[in-house]
Structure formats: structure tokens, C-alpha cells
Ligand SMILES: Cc1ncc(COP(=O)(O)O)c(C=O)c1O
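Only one chain comes next, encoded as C-alpha cells, the form predicted alone.
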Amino acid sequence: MCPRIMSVSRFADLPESPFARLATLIEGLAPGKPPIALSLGEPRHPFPAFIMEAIAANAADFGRYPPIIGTPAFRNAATGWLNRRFGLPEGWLDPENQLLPVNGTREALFNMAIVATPLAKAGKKPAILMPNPFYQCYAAAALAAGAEPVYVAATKENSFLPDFAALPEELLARTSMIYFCSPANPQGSVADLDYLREIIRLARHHDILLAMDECYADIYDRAAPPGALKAAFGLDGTADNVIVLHSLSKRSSLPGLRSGFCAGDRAFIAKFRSMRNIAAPQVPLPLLAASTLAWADDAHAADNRILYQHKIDMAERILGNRFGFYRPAGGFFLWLDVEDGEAATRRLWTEAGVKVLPGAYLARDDESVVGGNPGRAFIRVALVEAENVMEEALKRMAEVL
């Protein structure tokens, strides 16, 4: 018999899924009332009727392999939306060479780290920076690319906007990528143009790819968040070192469509396209046809945004100034300070039947943060249910906490 060969996986340091940890936390505990799940950021608003009509009308194309670059109609529609939404000049972004459809932005966020990260940088192991709390895909991508994931604290003290520029020069010199999300998940913070310009300058100075996860860009409270492409254009008229990622999951309440795009730096898009042409999943042509209509239509996105604004109004009315409540500038999460997120999560489940997510499960321990973990005191509440269900859930939460 051959001896078993034991090896250390490159994913040995992969963070555990927050939802698996949540399941363990409340395992065996009965809900105190009929359950309401607010732990998962899965949009549940109605999506536009034209989506199914477009899929049905193009169903025969399920019999064809879709091109990795999508269709001209899709690329033009996505580019047109970027121009409208962020005030970009017509013709600045080239839909043929600076934009690619992706099979949901998660797969692109993961795969681009492999393309962007060399075997070594500045003669050392590369690093990939990300906010803390963070989207777990960022960490998985860093590990898959052979890089060191570096978690940069996003706390109330820095308005939940990590200070990447304050990191040591040695670390920045070997950094291949920065992942950044604005509006942020979970805190709802929004980076203004000044912040975006500074992080782009930093990326260009150290030849770092800035991967801007902007999937909540069309869900905001008062003011439309600026984007990294607008900031880049304002600096020097190029998209160098910047890639933005957008999705229909949140904007159009279509998480199951698995349709998004990435756009920006021309040289990186060319490399990413070559890799994707061999190893990445395509978006089926009927789904591209539906996506084309979705990016061309802003009315349904505005209606969707208003539904979330109503629920933020409701949360403000019911919670008031308790639990550190504030109106998130973007996104659809509440980030509530309950002193101990795990304890509050158990109480809400066993006494109120409301399932939320402990903030600590979205973050890594950090010695520079009071309490060790920047999410420890918080819970994340996803405002995804219908208004009547959300009202009931928020009232239960206020009573229990």
C-alpha cells in the first residue's frame, strides 16, 4: 500500500464561512417566534418582468456556447450605464477592450487575483490588501494566487474606510492588489471622490491593481455614491490600475441570474480576457440578452432603491438612536453595535426568532483594534424582506435588545 502523502493546503488559513459559523452558533436552539431570516444579503424584491420575457425570447440560444466577451449589445448597454450613472464622457470607455461580462462578480473577484499577482513582487511574497471586515471571497482569492491576505481595519474611528496609505512601505511595495468595496458591506459607508483619488494614486505609485467592488452602487440613501472610474478619469483621463465590478444581483434583485461585468484598465482587461477565454465560465446568451435590457433601464433600479429607503426609514423610526443606529449611506445592511454580536444573535434567535449575523464572523482578529476583532460588538441585519415582515422583525429586535 502506498503511504498517504500529507501536505499543507494553500487554503489552510481560509476564513470559515460566516454562515457555517452562524449555523453552529444557533444549532439546537429553537426560535422563540416564527423565524425571520435577516442574516443573508439575498435581495427579495420583485425583479422586472422583461427579464423572463427576454430569456424566453432568446431560449434557443441556450443551445450555443456563449463567447467569453459577451455580445456587442451587452457591452454597449453596460458601458452606457456606466456613462450615465457616473457621468463619464461618451467614448472614453471602450466597450470592446475595456469591459467584460462575468458570471456573477464573485467569480471575477476570485479569478482576477490569479491574473494580477506575480510569483514575487519586490523580491518577496506578494500581498493582497482588503478591508476588515471583508468579503470572504477576497481572502480566498489572495490565497489561491499565492499571496498573503492583509486585513486593514475599517472601524467607526476611521468612518469604516480603511487607511491603506498608512501601511508600511515594505508591505505596499510587494502588494499586487487592493480589494475595496464602496458602498461597503457590511457598514454601508461610501468613499467620496477624494478618498478614491488617493487610493488610486497609491495604487499607481506602487503598481497595484485596485479592484473596486461597487455592486451596491445603485442602492443608496440620499446621494449617489461616486465611482472609481470617475475618480480615475478626473486624475489623468485614464483608467490605469483600476477595475470596477458591477452586478445585477443587488441593483435589479437578480442574484440568481449570475450576471455582472468588470471594466477599466485596458491592459489588465486584455490579460483577464485571455485567462477567462480558457478557464472562466461564460454567461449564457439568453441571460446576456436579459442583462442587456436591465443595464439599459434605470427605472426599475430606482423603484428598487426606494423600497430599501422605506425600510431604512422604518428602522430609524423603530430603533431610534439605540444600538449605534445610523442611516447607511449605501447598501441594504444595518451595522448595529450591540456590545457582543454573538450573544445578541443567540438572544434574537431564541427570544425573537430573528436570524442575524454576528459581525465578528465577517472579520479577522486584529491587535490594532480595541476588542481584537473590528466586528465583535456588531450584528449585521439585511433589510431584504418585505416591508411588513421587516417591521415585525425590527419591533421584535427592539423589544429583545
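Don't overthink the numbering: it's just position in the shown sequence, from 1. Values in this document were obtained by computation on a predicted structure and should not be read as measured data.
The same protein also has a form predicted together with the ligand, omitted here; what follows describes it.
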{"item": "Heavy atom of each of 181, 185 and 258 within 4.5 Å of the ligand in the predicted bound form", "value": "yes"}
{"item": "Residue among 189, 175, 247, 291 with a heavy atom within 4.5 Å of the ligand in the predicted bound form", "value": "247"}
{"item": "Contact residue in the predicted bound form, from 231, 109, 319, 147 (heavy atom within 4.5 Å of the ligand)", "value": "109"}
{"item": "Interface segment, criterion being heavy atoms within 4.5 Å of the ligand in the predicted bound form, picked from 321 to 329, 166 to 174, 248 to 256, 125 to 133", "value": "248 to 256"}
{"item": "Residue 284, heavy atom within 4.5 angstroms of the ligand in the predicted bound form", "value": "no"}
{"item": "4.5 angstroms heavy atom contact with the ligand in the predicted bound form for residue 74", "value": "no"}
{"item": "Interface membership of residue 295, the ligand in the predicted bound form, 4.5 Å heavy atom rule", "value": "no"}
{"item": "Contact test in the predicted bound form: residue 104 vs the ligand, heavy atoms, 4.5 Å", "value": "yes"}
{"item": "Residues in 191 to 230 with any heavy atom within 4.5 Å of the ligand in the predicted bound form", "value": "213, 215, 216"}
